[in-house]
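Below, in structure tokens: the form predicted alone, a single chain.
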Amino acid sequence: MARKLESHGRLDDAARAGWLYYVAGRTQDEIASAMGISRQSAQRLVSLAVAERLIKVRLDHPIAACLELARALRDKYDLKHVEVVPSDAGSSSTTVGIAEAAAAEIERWLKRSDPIVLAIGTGRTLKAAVDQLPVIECPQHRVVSLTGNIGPDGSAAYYNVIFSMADAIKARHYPMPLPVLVTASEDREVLHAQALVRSTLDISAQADVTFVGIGEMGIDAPLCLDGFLEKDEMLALMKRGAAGEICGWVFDGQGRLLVDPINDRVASAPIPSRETSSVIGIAKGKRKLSAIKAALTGHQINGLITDEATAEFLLRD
């Protein structure tokens, strides 16, 4: 029994070293420093990860610490799906690790034989995930965008992923021919009444699974950087208690949608029902901690793909 536990622990170390080397792009010296081992040991662990076939395009070996964090998050927030990937303290990327895990989960859903509706949000992390997807033939499925694919200047929104997804996924795709935010609530009502938009909204409400990014608040947040909100609008939102957003829908620190003029202008589809859809948020990092926690607390999502450091924060209370 002791020998089996020792072997399992060594595979855990090999999996961690393999992840740092092949996914995070760390050198063997950096891996040795991060794991507190010699460079030779780091090299042997990376070789073991390959020899044991733990490394393919994505990491196949579940790391025990990550599994335990995922179980604790599932219990605390009553979640349907949780995946926790290793953290890389030396990386400033907000997508590495979780993009690969999200791609694997999207692929699992799309490989189902029974027809499903897969709804997808927008953002940098989701685009990074979609870029990882292989070509999949699944004409029985429908893929629908929750957010508009038009930028504030009328150009194609760069981080709207529905068209990138259509390049690899051979299914029926339904883009949302709208901006994320319109100029007035009256405009939203007029646009949502159009037959083409109404059809897309109806399909999104039937989603079996939904993948969304979670945006933070601040003048460097995606809604500002992508030109949908002015800095003074963002600062005013924060004064009114805004903590985060999903598909443009802004919520407070308890995860409740704000009753606010900005939300009256959101042209995105409503987030699908958490009773009937697995709504999986994909996010990590210090800047997003408050937004992720609020989204979980208010049950805006019922699934999460994140990293160890974020998971540990969410479990601290």
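So that there is no doubt, residue numbering starts at 1 and follows the sequence shown. Fair warning: this is a prediction, and the values are worked out from it, not measured in the lab. For clarity, a rigid core is taken as the largest C-alpha set superposing within 1.5 Å between two forms.
Keep in mind that the form predicted together with the DNA is missing from the display, and what follows is about it.
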{"query": "Selected contact from Ser273, Ser290, Ser33, Gln43, since only one has a non-hydrogen atom within 4.5 angstroms of the DNA in the predicted complex", "finding": "Gln43"}
{"query": "Contact flag, Ser278 vs the DNA in the predicted complex, heavy atom cut 4.5 Å", "finding": "no"}
{"query": "Heavy atom of Asn263 within 4.5 Å of the DNA in the predicted complex", "finding": "no"}
{"query": "Residue contact check: Gln254 to the DNA in the predicted complex, 4.5 Å heavy atom", "finding": "no"}
{"query": "Contact label in the predicted complex: Arg10 to the DNA, heavy atom within 4.5 Å", "finding": "yes"}
{"query": "Answer range among 24 to 32, 263 to 271, 65 to 73, 245 to 253 for contact with the DNA, defined in the predicted complex as heavy atoms within 4.5 Å", "finding": "24 to 32"}
{"query": "Per-residue C-alpha change between the shown form and the other one, Leu20, threshold 2 Å, rigid core fit", "finding": "yes"}
{"query": "Val50 C-alpha shift between the shown form and the other one of 2 Å or more, rigid core reference", "finding": "yes"}
{"query": "Core superposition between the shown form and the other one, C-alpha change of Ser41 at least 2 Å", "finding": "yes"}
